[in-house]
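Alright, here's a single protein chain in two forms, structure 1 and structure 2, each given by itself as structure tokens.
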Structure 1
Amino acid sequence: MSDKIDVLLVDDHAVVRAGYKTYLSLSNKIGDIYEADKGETACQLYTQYQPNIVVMDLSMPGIGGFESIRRLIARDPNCKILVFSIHNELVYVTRAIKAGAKGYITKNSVPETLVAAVCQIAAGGSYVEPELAQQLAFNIASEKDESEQIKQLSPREFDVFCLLARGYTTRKAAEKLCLSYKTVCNHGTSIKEKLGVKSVAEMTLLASRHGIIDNLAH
């Protein structure tokens, strides 16, 4: 049995996956590398190949990164997941860790950080990019009520919240997330109740205050 680390890369951009694969392949600690372009496929491939670690993007079509993490952990509580995302806001980090991810690094990280994080998590540890880890430690004692309210949103509600706050219509959000118009309407109602807001405009202001909507574009 090989001691090398088998990796499942999950990102909807083929060019980005190719870059990750190149970085990881340079390490003699890395074994087989599998690829998925969305969360649904990642869940299937994880069951099929049982990789040692999953490297997961958050912004993807379909069920998205947060829901993918939740499903993988539900299938296998020992699943090791490293989030590799463009988002450097703490709300994303805390949600990913809460969902079950063992680590979080941003796509601005140097290639060596990706390899180091993969190896550390595969060995049973955890890894959060140092700058983000510092911010997390600083924020733990001073989280606002709003942050707590945002954390109460389900993974799918959070996805809908982000899109509506960014200016997507209900219909466009439904198309992007592959959901029905009615489902997104229901999520919208639930989001407003949980966040204590009455309009999309208030939602946008709240999202802006927490740095959620600045980097949502792919």
Structure 2
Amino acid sequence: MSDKIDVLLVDDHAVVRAGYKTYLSLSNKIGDIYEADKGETACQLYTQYQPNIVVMDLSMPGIGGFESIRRLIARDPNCKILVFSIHNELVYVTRAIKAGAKGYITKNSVPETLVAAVCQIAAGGSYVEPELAQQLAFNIASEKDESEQIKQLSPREFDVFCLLARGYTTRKAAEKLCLSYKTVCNHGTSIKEKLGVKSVAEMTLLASRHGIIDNLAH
């Protein structure tokens, strides 16, 4: 183990990890690079290799990105996590940071940005993509946004919200989150109350408006 920065890459797509690697290998400050394709594996590898930083995507099969962050933090409260996501919606940024991430950049970033963010965070700092940081600053000021409602959701509620809005049944969401059906049911009820909607379809629409659903490919 040298003074270089060891990185754990977490993304479910091998080709994307290859891209990360290419970016990171441009710098001689980066040491070993480990790879995980999902959150569960990431937790395991983190304990095993003790990397200096975790670079990860949010959308993954299994426990998903947010829960992955929480679990990593639970294992090691000093764990340094940089989220490198496809999403440039503020909701995700704030959620990720609340979950414990030290940084957030998007996949549009250039290699230098990734390396810079990694170094900065590994050194104990934090890094949020300037453009997003700007938006955040303005967003905090103006509190009339419709997404205020979404911000009111607790972390767990947000998890449930994402799944239900995507078309998951309550039962399947419970399965995915390893929760009792009743718990998800209850979360669903309070989500609807907080968002002021009556049906799951309305939840979907709201989520869709905020880009929480990748309604990609037209």
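C-alpha atoms forming the largest set that superposes within 1.5 Å between two forms make up the rigid core. Because the structure is a prediction, the values reported are computed rather than measured. All residue numbers here follow the sequence of structure 1, with the first residue given the number 1.
Between the two displayed forms of this chain, it is structure 2 that matches the form predicted together with the DNA. When the rigid core is held fixed, the Cα atom of T170 travels 2 angstroms or more between structure 1 and structure 2.
Once the rigid core is overlaid between structure 1 and structure 2, L179 counts among the residues whose Cα shifts by 2 Å or more. For E157, the Cα deviation between structure 1 and structure 2 after core superposition amounts to 4.3 Å.
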